[in-house]
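Coming up, as structure tokens: structure 1 and structure 2, two forms of one and the same protein chain.
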Structure 1
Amino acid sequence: MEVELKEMLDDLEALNQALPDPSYKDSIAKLQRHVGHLTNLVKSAPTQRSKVKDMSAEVVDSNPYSRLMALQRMGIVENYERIREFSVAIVGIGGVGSVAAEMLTRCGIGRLLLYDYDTVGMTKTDAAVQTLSDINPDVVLESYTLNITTVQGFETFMAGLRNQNFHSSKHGSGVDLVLSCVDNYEARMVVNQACNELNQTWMESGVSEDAVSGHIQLLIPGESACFACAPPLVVASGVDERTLKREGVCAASLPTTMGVVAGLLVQNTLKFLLKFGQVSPYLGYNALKDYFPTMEMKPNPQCSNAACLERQREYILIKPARDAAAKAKMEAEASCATECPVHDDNEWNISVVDDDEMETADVLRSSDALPEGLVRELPSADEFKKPPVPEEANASIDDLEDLRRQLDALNAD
């Protein structure tokens, strides 16, 4: 940009010298001042960092991935650098989708496909690409400004998901996960249809109309319920959702709720892609009570979606082999856990001790003498001995014994 502006200044100066009519000089001078101001703005703008070829755990200011790679060093993630191999499609770049896109960009995702048809001065997807490329130039960003609920839009959406140019060796579709961040049932059903046809795993998210609750949901075709298996009550009742919108009234919007839902969505995405922790099949969020309900929904054998029924039949055929492989893996891990010593060799010098050893260590620690010049403010437990009986109490006891002897003597007489 700076080079183009300099060339424009040179052209204006040449034009100023070539024009014999002095009446144009004021206009040219005004243009020169304007271009000069733009040049100064470009010079003062922050420069975009250069691309990083390989992720590194080296803790230096120039390394944007040091804290992310620390997850690998701490044993949370086996190989964090694999995140660069993954492609994620985000449908809907609004309150949830835009935040989710930024989070994944900061995490160093390999490729993001952004879908939206709305504009905010410029198209939402182009604006997002412009912002995200400044945040992390290492991420491959693709902008698709289209409405996926139209016939042409749906075909373009399907073609984008099938495109394997980013990772040609990958089997199946060209993306690893689709994130639905749309705000209407019709668009969700389109994403559901595309993912069922492609056997594509996806995650759905949503925020309630009053903006104080939301949810995320993992949908694996054939294995879990698709969006048509258990439609919302309003839709199942045959009510057109478009008739529910009142003229001049819009849904509430609370950035905090959308940020929480986006965070849960991306966290679940990272766990799914990088294979760590437990991936939530469904996770709700109630902001008024800070309540996070979870559940798991099985596919509906009478689902109205033909592609979903086909995926269910395929899953039933492969399920026995998958269960056997999962059982063998669990047994192997259990065997390794009993045979291999825990923390046999680690860079943090962590060791596991028996509970009896800890109690003994606590006793020894409590009886250790303090360094010279220090005293304990409170006495130790050993110093709390039985208090001595006061002399007055001893005297009263003797008086009672003497009185008893006198009474015994009187009774004897």
Structure 2
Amino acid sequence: MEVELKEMLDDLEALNQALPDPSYKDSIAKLQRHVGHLTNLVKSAPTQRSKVKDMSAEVVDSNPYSRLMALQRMGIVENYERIREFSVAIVGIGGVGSVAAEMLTRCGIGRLLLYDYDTVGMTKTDAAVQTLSDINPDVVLESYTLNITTVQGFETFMAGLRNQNFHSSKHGSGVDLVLSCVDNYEARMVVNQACNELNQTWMESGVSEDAVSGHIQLLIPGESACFACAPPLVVASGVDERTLKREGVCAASLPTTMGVVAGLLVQNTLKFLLKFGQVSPYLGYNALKDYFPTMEMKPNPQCSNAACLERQREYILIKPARDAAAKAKMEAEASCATECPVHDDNEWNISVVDDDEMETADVLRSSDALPEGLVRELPSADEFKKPPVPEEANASIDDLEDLRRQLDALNAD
């Protein structure tokens, strides 16, 4: 706009010089004043900053990343700038999706792929790209206006995720994470299908129809339960786990719940991508009680999704090697910790108990119980004799197996 107004000023001045009759000078002067005023208006509007080549930790007003890069100095993140290498696809640019996209944009994510079929004047994804590029021009933004639940839309969605132009991964996918921020069961099942086929890790999010509860969930094909794996046997108390929206019902919506769920989702995304803290496999949010249930779900060997079963078979094959590597790494770290004590003098004989050890112990102790926040929908089977515990006790909480055993016991009566 500024360029165009400058051009108009020049044209008016040329016209002014060329006109022989001074009686037109007033009209020209008036037009020039208008253009001058409009130029001032345009100049006073917030302008987009220019792109930044490298993320710096320097504390100056012109550096938009100083407060994010401070995470490194604080010892939270080892290498924050890696965030520029990552691609994240967001499906559904509504209440949760648009806030999540803005947060990732402010964090300086490398590339965002935005999927929605809806329009708000212009298409939702185009509108989002416009807003987000003003917030942070460093982010590569891609707008996909399509319905992933149609055959054509699904193909385009899959092709978009496969495209490795920005960055290539070993999994045959061009994105590092897919965030599902849709508001219906059908679309979730489609994201689930695509991610199972592509062996693509993704995160689910949802807000209940009454707007006062929500959840986020991490889904790693083959390793954790997929969206089709979990039969509705286990429900997190007080939180709508599957977050079904009824047709024709105008759901309630609260900016607060949307903001909290988007915040928890993107926080989990940052922890997953930048490898800090503990990535939550499932986190619920009950706004009425400020209660945040967590749980972990193993994949269902009888899952109805063929691609999920394939990923499960692959995971079983690679798991022993992965576990051995993890164990070796842990032992190496432990022996290093023993050999090189942090404090040579320990006058008071203070010793530190490892957090991880305590947590593992807790999990082992409570392997029969359901995690906090879960209720059994089946009555407990007191008369059921447990099979002898195998030598290699499984340290994880196998909810579905446990429930299936109870179900079998009940059926056997």
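All values derive from a computational prediction rather than experimental measurement. Basically, rigid core = biggest C-alpha set you can superpose within 1.5 Å across the two forms. Sequence positions of structure 1, starting at 1, serve as the residue numbers.
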{"property": "Form predicted together with another copy of the chain - which displayed structure it is", "result": "2"}
{"property": "Core-superposed comparison between structures 1 and 2, residue 62 Cα displacement 2 Å or beyond", "result": "no"}
{"property": "Once the two forms are fitted on their core, CA shift of residue 28 between structures 1 and 2 in Å", "result": "13.1"}
